[in-house]
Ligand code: MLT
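The chain below stands alone and is given as structure tokens, in the form predicted alone.
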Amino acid sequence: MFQYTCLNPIAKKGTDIFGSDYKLSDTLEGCDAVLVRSAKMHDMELPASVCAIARAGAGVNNIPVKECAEKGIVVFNTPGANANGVKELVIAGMLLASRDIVGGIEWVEKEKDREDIDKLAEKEKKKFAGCEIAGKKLGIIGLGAIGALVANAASALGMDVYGYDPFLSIDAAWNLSRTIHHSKTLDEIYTQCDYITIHVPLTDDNKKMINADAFGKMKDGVVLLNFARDLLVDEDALISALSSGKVKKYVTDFANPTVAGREGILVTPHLGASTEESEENCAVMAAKELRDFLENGNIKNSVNFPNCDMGTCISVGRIAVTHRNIPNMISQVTQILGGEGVNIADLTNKGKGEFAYTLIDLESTASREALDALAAIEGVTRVRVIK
């Protein structure tokens, strides 16, 4: 019986993935796994029983990822599960910034009691007319799951799309329309594009990447959209760029005192992945990741350990070892098992940065002494019996 807890409400379509071998707990104590959306976990004391955390979403800023890795806790996310919801909001953001739809709606609300509102509207509509997005240049920073969908949708709407992503994956490249221009530098995005949208994860290296220097290179009257993370934009530099006319509109999904209610800025209350479909997709993916890990030891979409898949165990037993990515680890593991007379049917070892993961299928059951010896190896953080 596996035990899990949800730190936030998780769509039932996801938790229904767990079968009769799973028990939902109200507390962390004794849990094997944790499902989370936005709850802050940095100050939480996790019991030793927790071996996996699944974030129903892409960003993991609310989870102490490295600290978890050091304890052998695998952290999963759900890349792409909410991509369509965010993509649609980005397209809506471009349209709202191009034509003053919000201003027009507010004008009608203000003048709604006038009997001649229909005639007055004909006179006033030019104030809200704006421009079309077809034929304009859109620059996309980051061509992951969301960026690729935005690129294809914008291209289908008649925009001239430029994409920048030095880490473009093969899968993402295959999913991109042939019409997308692949920019080799950010400067090409800044200098050429009428609209710029950001779709990269926040790291220490790219915090405030859209700064005064970046704004200085942009075209006058550019529209900037940020549905990734607010800290990617230097908001003090942004306010100056808005005041000077360098930036025509800033559209963001992150409300804070600096941007809320300010002229030239359209703020939505973190709606990007808040559709019913996105929440269900994220919940289902997160639950499937946890089940495959808990039942088979397989890892897919972890942010702190490598992908590793050995399917379903058909041998007598399987053990999973999380450890530091250091030399001589596998030889120590196999020496201990061999010394116990345990034959290895199959073995997979994968590394990711400082940490690594090893799955071992055995032709006989490993003794408690062998498991304790594996756990005592310097650099090993967790040994788990799968079957």
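From 1 onward, residues are counted along the sequence shown. Since this is a predicted model, take the numbers as computed values, not measurements.
The form predicted in complex with the ligand exists for this protein as well; it is not shown, and the discussion that follows is about that form.
- Taking the partner from the other structure, the ligand in the predicted bound form has no heavy atom within 4.5 Å of any heavy atom of His182.
- Using a 4.5 angstroms limit between non-hydrogen atoms, Ile196 is distant from the ligand in the predicted bound form.
- Contact between Asn82 and the ligand in the predicted bound form is found at the 4.5 Å heavy atom cutoff.
- Mapping the unseen interface onto this chain, Leu138 falls outside it, with no heavy atom inside 4.5 Å of the ligand in the predicted bound form.
- Look at 301-309, 269-277, 126-134, 156-164: in the predicted bound form, residues with non-hydrogen atoms within 4.5 angstroms of the ligand sit in 269-277.
- Arg229 is the sole member of Arg99, Lys248, Arg291, Arg229 with a non-hydrogen atom lying within 4.5 angstroms of the ligand in the predicted bound form.
- Scanning Leu362, Cys31, Leu359, Ala58 against the ligand in the predicted bound form with a 4.5 Å heavy atom cut-off leaves one residue, Ala58.
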